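Heads up, the chain below is alone and in the form predicted alone; it's given as structure tokens.
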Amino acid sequence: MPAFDVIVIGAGPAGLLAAGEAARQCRVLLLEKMEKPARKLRITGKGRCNITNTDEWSAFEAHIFPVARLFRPAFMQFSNTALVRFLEEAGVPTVEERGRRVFPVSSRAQDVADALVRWVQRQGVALRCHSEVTRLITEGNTVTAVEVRHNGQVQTVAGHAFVVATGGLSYPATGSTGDGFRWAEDIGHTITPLRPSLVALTIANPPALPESLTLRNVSLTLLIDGRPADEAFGEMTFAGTTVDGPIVLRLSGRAVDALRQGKRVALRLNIKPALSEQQIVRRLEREMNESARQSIAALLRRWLPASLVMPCMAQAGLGSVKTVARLTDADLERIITVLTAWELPVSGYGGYERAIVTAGGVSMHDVYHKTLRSRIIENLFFAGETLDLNADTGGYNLQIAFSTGYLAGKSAASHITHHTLRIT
């Protein structure tokens, strides 16, 4: 008789929720190959941890990819409001900030991770770190055991149900090295192509800017083969040859996919999205008439951060034009284009070491959506980033982890109960 009913592999947010929920009914072993649980969670959101987003499902689903309805059963089982209530009860008070994003009041991701670990231990989960699962042992259409390397020794641990919550490939230093994808594929599951998402983009021929320049309240339009594909408004950062920041991350998923398909990708930057082109023209003409002798640089400093003035002049081809009085209609049109439609060709993207999440994974068509049980292996469940689910920034990805972890753990425990009833 196995010592444990449910074995959960991976102690990130999905694995912790799965283990704790399953432990309400079963004996649970939680295996983590790193020295401590939730390594990636402890650094998420630049250490602040954007836990979730308080959008209603009707708005929430627009931020989930590739098919939001496949995530809906998990969300309805453990929603954003349920998650906030759960954390409050676990000793992590939360606060809602701009964009309906939820953070711990302490602004410490560490507090969220520590509270989850304490919770699973109170639930009676046996947590073992430094325990690397090397393979799943199957017999027919069931997993019978896992092979585990612990303190240099390999042992086999048997169980009745298994939850794979090993994460993706993002931030591999935290232990996310794609183990679950390999195991799933080895036993017959389809792995949707893996790629970095929520990642910085590389710009071809970047403008000569300071080492780091942040622009706020700007808009970016993603162009694929010259056609607008998506748009985002907010904050972005130029950093050498790359662009980063919330709105770049928001567009990066589709940009990465298009680049991988060999398509032309560019970002169209509107530095003044609050003004129409006509308003910009009228204001520029007024300022030019008021002071025709001023330099072009002085005029643009009224519109732009000082460090962006010379790059904009270069982009508009105004290097030889010294004063406003010498501007032609064509010069004015180029200035307006730079202010409202500065095109930045995208040549690449960051790797997994900088990507916030991994897109792709175990196909959602290979699992039952209401339980997250494999359609191929009857006692195997998947949760978190191992699944082909990802989302925009704003707390949506962590909600995926928590909701799928909860559902997988609950379903694994139910599977044990039904299995026992069938035997008896």
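Note that the coordinates shown come from a computational prediction; the quantities given were computed from them, not determined experimentally. Residue indices: 1-based, along the sequence shown.
One more form of this protein should be noted, the form predicted together with a small molecule, which is absent from this view; the next part is about it.
With the partner left out here, the small molecule still marks one of 211-219, 84-92, 289-297, 176-184 in the model of the complex; by a 4.5 Å heavy atom cut-off that stretch is 176-184. Exactly one listed residue, out of 362, 359, 355, 29, brings a non-hydrogen atom to within 4.5 Å of the small molecule in the model of the complex: 355. Remark: all three candidate residues (9, 50 and 384) come within 4.5 Å of the small molecule in the model of the complex, counting heavy atoms only. Of the heavy atoms in residue 377, none are within 4.5 Å of the small molecule in the model of the complex. Within this chain, residue 13 lines the site of the small molecule in the model of the complex, having a heavy atom no more than 4.5 Å away. When contacts are judged by a 4.5 Å heavy atom cut-off, residue 33 counts as touching the small molecule in the model of the complex. Under a 4.5 angstroms non-hydrogen atom cutoff, the small molecule in the model of the complex lacks residue 23 among its neighbouring residues.
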